[in-house]
Structure formats: structure tokens, C-alpha cells
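Shown next as C-alpha cells: one chain only, the form predicted alone.
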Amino acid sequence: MKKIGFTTSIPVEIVFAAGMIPVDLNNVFITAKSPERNIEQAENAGFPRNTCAWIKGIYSGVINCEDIDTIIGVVEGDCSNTKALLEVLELKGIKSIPFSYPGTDTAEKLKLEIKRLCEYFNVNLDECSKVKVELDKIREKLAYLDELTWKHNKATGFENHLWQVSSSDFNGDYTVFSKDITDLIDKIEARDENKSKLRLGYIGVPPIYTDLYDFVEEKGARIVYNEVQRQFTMADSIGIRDLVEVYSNFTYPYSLNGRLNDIKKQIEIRNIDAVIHYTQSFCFRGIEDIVIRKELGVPTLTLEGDKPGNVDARTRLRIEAFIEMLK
């Protein structure tokens, strides 16, 4: 089956309904054998050094992927560099399909965007809704995995992160994904409860660090909430068949106020003591930290990551000091 890459979460039901394989290019980059080389490759191709590592990693990921010749690029509601990325990739022969999450008149304009994407892939909304029903069965499992993290204290913060972030494309095969997460849940249910008392939330884009969750747990705290990763699961829209409503409920691409309302609600439900706000170097979302720190009402540690790899020594010290302060 043909693979379709995409730059951030899109209505994946459309791609599956077309009989194709969706591929989240962020996951291709970060799980590459050497993500650092992907960044070097992009810089050698002319990408400025002060461009977000994810954009550079996605570029190289697509160039190095022999079986992806078409991508869906989210040009409104996500990274402001994506439009230029699509133009560069088109020079390399990659077909680009722009998709937008409109900032105003959301439902009306989003409906047009979804309709246009359906027309490109020659599917209709009824076919997409049937896929949505199947994906919702998996999203219910993801929601339960989330509960195993914050309510039953058995799943780790990393497991919570990994499986929720992977739901952007269900690893390309939702049938296999469903079986794998069922097996994982069986193992997690058999564990003893984690008695760690200090409960942290993680907000912002998924981390480029590979060992953040392990380090936090090593220092005696637990991450029991992953904001954007949870949004990728569309768990708040389980049972809703209208794709426009589903992707209107998706907070990540819209206003910061919508995200803050969701974050505050989850902090209360999950009894979270403090929050780690992750920002990516050179991303406009770093500016939002000013508002987030003022509005959240719980201690907040802001981390800024740049390149993939383990948490650097300076950031480790800051995390350790933050956790000690909370104790």
C-alpha cells in the first residue's frame, strides 16, 4: 500500500479510508538510527542552523525514505516553517498537500479543509466515519492506558507518552496497534502500584530528549499527564463520528486559551503537583511560556530542548533542583 507522510496530526481516518498507510514524519525522524545525522544532512542542504530540529529532521526523513513521495503538510495551526519545508521538498520531487487548522471560523473552514482532503484521496465522509468507529475502539484502550498511569499508578510516564504519541498514525496499521496495546495493558495491569507521591504534568510538544521520563522517575517523581500526546489520541471525541467536530475538539492547533482550559482541567482531575513545560528551540510556542507560567497556578519548570539525545547535564540539574524543591 502507498505511504502518505504528514507533518503533524491530521484526520488520519481519511488516509486509512483511502487504503493507504499514514506515516507521522516526526516519528520517522526521532526513531531513525541516527537522528543527529538527519539534522546535519538538512543543514548541509541549506537549512539554517537556527531552524527547529524537527523541521530539519522531517526534511531528511522524507528524503531518505524511498517509499514516501507524497506528504500532507499542516501549514496553519502548527509550525510556521512547514510552508517553506513543503516548497523545498517539492523541489526534490515530493508532492505536497497543504492542510490547515483554521484559527477563525473554525468549524466552517475546517469542514472545507476536510472535504478537500477527502476529494484528493477520493473517499467520502461516510467511509471515513466507518474507520473512525474502528479507531475509537483503540482510542478507548489508549484512554484506559492513560488511566493506568494517573488513576491506577501502574503505567510509566514514558509508556503513556510513547503509545499516545504513536496514535497520530497508529504505527501505520491500526489492527496490529490494537493487538500490541492490548498485550501491553495486560502486562501493566499485573504490576504493583507505583507509590511515588510527587505527580508531575508534562505540557508542550513531545520532547526531543530520549530519557526525560526515566530521569524524572529516577529522581522520585512521576509524569502522570502528557498534554499534547493525549490530544493526539482524540480521546475527548470517542463516539463522535463527525470528523469536523472531532478535529475542532483537538486543542493543539488552535488558541492557547483552549489548551490552557484543557490543561487546568487535567491538573485538577489528576491531582498534579507541578508541571514541566517543554519548548523546542526556535519554535514560536516558546513565547507562549509567558502566558502559561502566569495562568497555570502550579509550580512550572520550563525546559528548552534543541537536538535529539539524552537530557543534557544542565537540564538534569534544573530538573533535579525542581523536584527537590517540590519535596
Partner chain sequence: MMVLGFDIGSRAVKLVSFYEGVFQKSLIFDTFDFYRNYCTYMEGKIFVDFEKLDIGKADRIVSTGYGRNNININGSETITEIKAHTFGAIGQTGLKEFTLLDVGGQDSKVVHIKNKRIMDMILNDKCAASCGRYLENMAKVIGLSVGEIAGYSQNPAELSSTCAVFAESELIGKISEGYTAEVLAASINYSLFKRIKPLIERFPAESVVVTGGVAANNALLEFIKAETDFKEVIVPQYPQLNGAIGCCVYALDK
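Numbering follows the first chain given and starts at 1. Quick caveat: nothing in here was measured; it's all calculated off a predicted structure.
Omitted from view is the form predicted in complex with the partner chain, to which the following refers.
- The partner chain in the predicted bound form comes within 4.5 Å of a heavy atom belonging to Arg293.
- When the partner chain is considered in the predicted bound form, Leu301 lines it closely, a heavy atom lying within 4.5 Å.
- In the predicted bound form, the partner chain stays beyond 4.5 Å of every heavy atom belonging to Met1.
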